[in-house]
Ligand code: KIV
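Next up is one chain by itself, shown in structure tokens, the form predicted on its own.
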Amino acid sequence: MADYIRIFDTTLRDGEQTPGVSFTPEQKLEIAYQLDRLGVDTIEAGFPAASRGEQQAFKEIVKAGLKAEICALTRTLKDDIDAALKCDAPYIHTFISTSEVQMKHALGMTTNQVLEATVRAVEYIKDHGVICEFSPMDATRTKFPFLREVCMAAEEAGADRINIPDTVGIMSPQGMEDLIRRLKQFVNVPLSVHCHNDFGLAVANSLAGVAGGASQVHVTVNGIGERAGNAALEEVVMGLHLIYGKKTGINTRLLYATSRLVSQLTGIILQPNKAIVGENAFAHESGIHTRGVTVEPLTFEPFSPEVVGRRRRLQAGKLSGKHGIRAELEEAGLYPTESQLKRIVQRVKELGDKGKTVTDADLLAIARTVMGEVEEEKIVKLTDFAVTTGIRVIPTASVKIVIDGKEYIAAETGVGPVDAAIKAIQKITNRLANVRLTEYRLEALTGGSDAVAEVIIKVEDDEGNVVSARGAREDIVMASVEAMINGINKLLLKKRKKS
């Protein structure tokens, strides 16, 4: 097993095959810069034969002077390869189906024709002096004798690397490890694995491939890709580093920032319990867990959240214990006595038993009531607000806000009135704290035309502080604005207490 494992990122190619995702050339370049800062070895930047936009984006990335290798995907067709060469591709990844079902129904080719196409393509690529990686598509459903034959033919034709794709995600970890181990007996060039997640095993199969001797893994940020997606870069990398003891070129402290960028540009919101980068990956509510992590983080965390650019978060709720709630309150500058803490915990549990989410603002309000304190002066106050929307009207919001006694006015447009209102608020408050809305949901709606909307949000600042807040009004837009103002106040108060 190699000590250093190459990370081949295909977010810009296979990741873009996610239904509903389409990057502009500018977005592709922005992601490429971030992937290069992250430290991936190869960026598969696109499929130049697909469109002029693909070619434009690929050329821009090649000209950007990145440290990572820039790779183009092609079929084993001369026209595809020529399109990549015209874009000055320094690295070409070419593929052809090798399983019986795909050769017969997708290609209409025999095994001999596939072998000939493979050799012809690899030789043509190498004749132009660029790096060549070959993939026998649907390798894990290909009969081993033919898989071995086509891989050896590609190697003999000059392929620099051979990739083994689990195209429809049907492999088991044991099967993938065994397959790579068997192929290494016949193939001398480096092997890589490209695993899909149809059975939720893409990361496990990728790591198993490394255990079998693969020295490169194909991944996408957040595991995006067609159908159930690909092996997630952040999960593969952390597994390699901390479970398998392998090295990569990845700066793990940039994993979260990279995940956020891709999520933002694709519009794909991550599930809260997503490993490594999900909003709840380092959040604790259970009393046993919060007590453990406040004393010794390793009791309930496999590694420090700072390693991947995150911060630990304690969440108040019906499962909370006094250690976690005490820690949250002390971070906010509140130091209840034992009897006060007991009453605070009880009231938090009562709120949780009613099915309510206990936000950070709720916890502080409960604590101040129990402790008999006057609520702190708010840094940000909303004094006026207006919104316009309609069929032929771009949703626009204007807000008037007082910050530390000084009045500010701003207006913004958005995809809807809530989006416009939040953007207008951020336009003013970003000079104090670069605030990002990470979660927004309607928690409860009563019946009737005069229904009360309850909005729960989570916001995060540029230092990684995350807080939750609530707003409840008959008007959903007003409830959203109220929640946003509450969240920003909580973040700013937290910042000032630390300074």
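The first residue of the sequence shown is number 1, and the count goes up from there. In this text, all values refer to a predicted model and were calculated from it rather than measured experimentally.
Beyond what is shown, the protein has a form predicted together with the ligand; the following relates to that form.
Trainee: Which among 185-193, 132-140, 241-249, 113-121 is in contact with the ligand in the model of the complex, heavy atoms within 4.5 angstroms?
Mentor: Going through the listed ranges, the match is 132-140.
Trainee: Can you check whether Tyr91 is within 4.5 Å of the ligand in the model of the complex, heavy atom basis?
Mentor: Output for Tyr91 is no: heavy atoms all beyond 4.5 Å of the ligand.
Trainee: With the partner left out here, check for me: in the model of the complex, does some heavy atom of Lys490 sit within 4.5 Å of the ligand?
Mentor: The answer is no: Lys490 has no heavy atom within 4.5 Å of the ligand.
Trainee: Report whether the minimum heavy atom distance between Glu16 and the ligand in the model of the complex is within 4.5 Å.
Mentor: Although the ligand is absent here, Glu16 would stay clear of it in the model of the complex, with no heavy atoms inside 4.5 Å.
Trainee: Is Ser320 close enough to the ligand in the model of the complex to count, meaning some heavy atom within 4.5 Å?
Mentor: The answer is no: Ser320 has no heavy atom within 4.5 Å of the ligand.
Trainee: Let me know the one among Asn205, Thr258, Gln216, Thr167 whose heavy atoms come within 4.5 Å of the ligand in the model of the complex, would you?
Mentor: By the 4.5 Å heavy-atom cutoff, the listed residue in contact is Thr167.
Trainee: Tell me, which of Val210, Ala367, Ala159, Leu73 has a heavy atom within 4.5 angstroms of the ligand in the model of the complex?
Mentor: Only one listed residue qualifies here, and that residue is Leu73.
Trainee: Which residues within 210-235 place at least one heavy atom within 4.5 Å of the ligand in the model of the complex?
Mentor: Residues within 4.5 Å: none.
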